[in-house]
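Have a look below at one chain only, the form predicted on its own, in structure tokens format.
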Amino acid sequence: MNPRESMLAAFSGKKADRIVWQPRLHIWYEANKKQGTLPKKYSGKEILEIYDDLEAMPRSYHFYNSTIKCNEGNDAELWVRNDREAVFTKYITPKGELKEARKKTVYGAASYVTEYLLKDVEDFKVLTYVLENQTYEFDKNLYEDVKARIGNRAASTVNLPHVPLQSLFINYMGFEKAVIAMWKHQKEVESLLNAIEENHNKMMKTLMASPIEIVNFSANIHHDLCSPPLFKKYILPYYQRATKDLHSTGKFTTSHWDGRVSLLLPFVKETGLDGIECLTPKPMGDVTLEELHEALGDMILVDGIPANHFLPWVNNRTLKEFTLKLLNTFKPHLIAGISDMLPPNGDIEKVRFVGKIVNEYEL
């Protein structure tokens, strides 16, 4: 089997002849490219060339995400200013204006919010207007271009945005203000969450009619942001509704859970998801491999090796022992990778080292 076929076999419960090694290298690549610190042999190389050299496979949503196009409504103007240090976004609508600012990290490969779109509950009507008037389309020509570029290295995957509650916490309002709003203005918050979900549904319908094979909910689930009561009330039902719809058209589903998740693992089998991406074992997370395996059962674990194991001062013996334990614990329900991604100061040769172990592992 090629890697794409092996991935799909794992998700469908069929026998695969390999476990796919699929580490996320994009932050490492972009940070070192910007600083001029890529290894000499990778200077001037595209990231897929590096994956091929390492005998590793890419997480394909980094490429297929761009095939889903968002169109703003006719009465909503979107202004974006992208400079060296920050990204500024402004919506102008008949209902009012929203402004957001994001500070770029030192490497320029990521950003974080410094000014949220939503300042108070009065802004909810503006964001609702924006969301209701957005539409989505699938770019078939771009899909064919990406498919030709990726080939059979990986199954086609696209990210959905953060689930509605996490969108409110992480993207739109910030945790503190959002929690206060939930306490003081529950009706208004729940109305906005419904608008976010309806917006997601439009994107999902576009994906359901597309040839994309796996849909990943980029939820960033972490129980310090999303306690079990909030998860059960707002996120679990969303997963159940969304996965039912996506499964009806033959899509597989995963979701990105990172950080501390031990309090939420008891609910994972109820989500309807086929697998969970990123779940980070100790020492970076708060759960062991054994606890993850007990919670997931036959669900697919995507990733599994803590990112700190790829730092230069961690010896290869420790890395090998953990890798073999991961393989032995989760086979065949595993797409092996780094939880969450290779750090900018990670040792790229450790990626090759683990790849050799995974690629030679017999199911």
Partner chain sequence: MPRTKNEKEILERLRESIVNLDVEGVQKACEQAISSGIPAYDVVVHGMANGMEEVGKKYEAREYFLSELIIAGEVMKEGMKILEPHLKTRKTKPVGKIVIGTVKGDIHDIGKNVTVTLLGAAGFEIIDLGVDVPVEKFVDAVREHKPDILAMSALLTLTMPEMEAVIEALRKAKLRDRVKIIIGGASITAEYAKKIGADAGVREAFEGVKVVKAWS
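Numbering follows the first chain given and starts at 1. Since we're looking at a predicted model, the values are computed, not measured.
Keep in mind the form predicted together with its partner chain is missing from the figure; the text below concerns it.
Answer range among 267-275, 249-257, 91-99, 169-177 for contact with its partner chain, defined in the model of the complex as heavy atoms within 4.5 Å = In the other structure, the partner sits against 169-177.
Check whether residue 308 has any heavy atom within 4.5 Å of a heavy atom of its partner chain in the model of the complex, and answer yes or no.
-> Flag for residue 308 set to yes.
Distance check, residue 223 to its partner chain in the model of the complex, heavy atom within 4.5 Å = The answer is yes: residue 223 has a heavy atom within 4.5 Å of its partner chain.
Partner contact for residue 164 in the model of the complex: its partner chain, 4.5 angstroms, heavy atom | No, no contact at 4.5 Å.
Interface membership of residue 201, its partner chain in the model of the complex, 4.5 Å heavy atom rule | Residue-level check for residue 201: no, no contact with its partner chain.
Selected contact from 133, 111, 156, 218, since only one has a non-hydrogen atom within 4.5 angstroms of its partner chain in the model of the complex = It is 111.
Considering its partner chain in the model of the complex, which of 126, 284, 150, 76 comes within 4.5 Å of it through any heavy atom?
-> Residue within 4.5 Å of the partner: 284.
So which residues in 314-353, when you check its partner chain in the model of the complex, have a heavy atom no farther than 4.5 Å from it?
-> If the 4.5 Å heavy-atom criterion is applied to its partner chain in the model of the complex, 314-353 yields 343, 344, 345.
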